[in-house]
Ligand code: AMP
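Just one chain follows, in the form predicted alone, and it is written as structure tokens.
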């Protein structure tokens, strides 16, 4: 039997005593022990009558057993449906009804509520400490299991988009999508079996699951497996690691710690950031403090990673580097789809083996966003500088059109972020009777730095055409973010919509 994804990630390690997972405060799991656990879980799935192509919904806390569910699904030919632990019962009802899983796995505290929305699926429980009915069932199984034959185009996972506008869509990712991306990243980022990854990301998201885990397993490396992000725990374990993958919040929180310096990071090989934009100021502060330059990359649910700053070479702040090997990027006119000259701002489109196979049970959405020639319309606006570096300008849905003029929020945010006392900002549009949309800026001050909105406005207006001037600037304590640290501008638009006007 041949399994395109399981074999190179986990199968080849079945007899290995090399360390794989080093959970915080628990015993280390070797690769061999982990693969054996995945085999026992796979037997549980088979005993429930699950067959190749069936979906397994997983909404549980991060744990070694939860990660083994992923490996068990791969080896069984099942399709993993990882779900954010913050989702409500109402949200889960949609996902379960849409994906129609054969099995749902949840924390036992949620089992009663989950039972009402199972839609015919079997139910098992798995708690944060690894206990639950799933673990109990697996304990009585043998540690061997015949790996299912899976081809390149077989589905490995369905990941639902965040659904900030409209209904969430289930992106269908194949074995080849995930393997090709892991191979490209492991090579580009120079991973090897001596690496130790400090893993503090959630595993319901492509960053923590498919980028971190797949790259690591493909390389035969080990990971310090934290159940969540805690800056003190990160600092404690940094001396034992060589690589950290994180979101910008990881790095800003580390920079706030006096003990985070060159000595604390002298043994580290690589710091990677993604899932949300990293401020250029954070890049600069990080390098000044540690001597390391953070490597920023660009990806999304439908494609995994598309671009990365180089491991060897200039990591340019404010950019996400170059297209990954085997992946094509182009900038197009949003209306016509025509490719634009270098330096112009337009829609980012991507084509390559990493690009998903469409949206689950949404052929119309698939046809609208996945071109016949294989290019995926990302919804992100960007431009490529003269040296070939890609810069993300913003989301198309965040584009502000005021008085017939296009306003790119990122241009204004860069100016606001550069002002003294500003920690970060967000710029967005709200409905306006005269101009269609009016521009609003929201800023978060650095600790102990009072900000005057009028002074902030005065500080940026000399650098902007008049039509780009924000109508107003508001000072707030923090910005609303989703689980991966992305600013939720839909919430800001709703919050600051003009009285009597619909949200922008």
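Positions refer to the first chain, counted from 1. This is a predicted model, so every value here is computed, not measured.
This protein has a second form, the form predicted together with the ligand, left out of what is shown; the following refers to that one.
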item	value
In the predicted bound form, residue 133 touching the ligand (heavy atom, 4.5 Å)	no
Distance check, residue 176 to the ligand in the predicted bound form, heavy atom within 4.5 Å	no
Contact flag, residue 409 vs the ligand in the predicted bound form, heavy atom cut 4.5 Å	no
Contact test in the predicted bound form: residue 293 vs the ligand, heavy atoms, 4.5 Å	no
Options 281 to 289, 334 to 342, 268 to 276, 409 to 417; stretch whose heavy atom lies within 4.5 Å of the ligand in the predicted bound form	268 to 276
Heavy atom within 4.5 Å of the ligand in the predicted bound form - residue from 297, 316, 351, 145	297
Residue (of 150, 320, 73, 185) lying close to the ligand in the predicted bound form, criterion heavy atoms within 4.5 Å	320
Within 4.5 Å of the ligand in the predicted bound form, all of 198, 237 and 255 (non-hydrogen atom)	no
The ligand in the predicted bound form - contacting residues of 379 to 394, heavy atom within 4.5 Å	380, 392
Comparison of CA distance in the predicted bound form with shown form for residue 359, residue 398, at least 3 Å	closer
Distance direction in the predicted bound form for the C-alpha atoms of residue 398 and residue 90, relative to the displayed form (3 angstroms or more)	closer
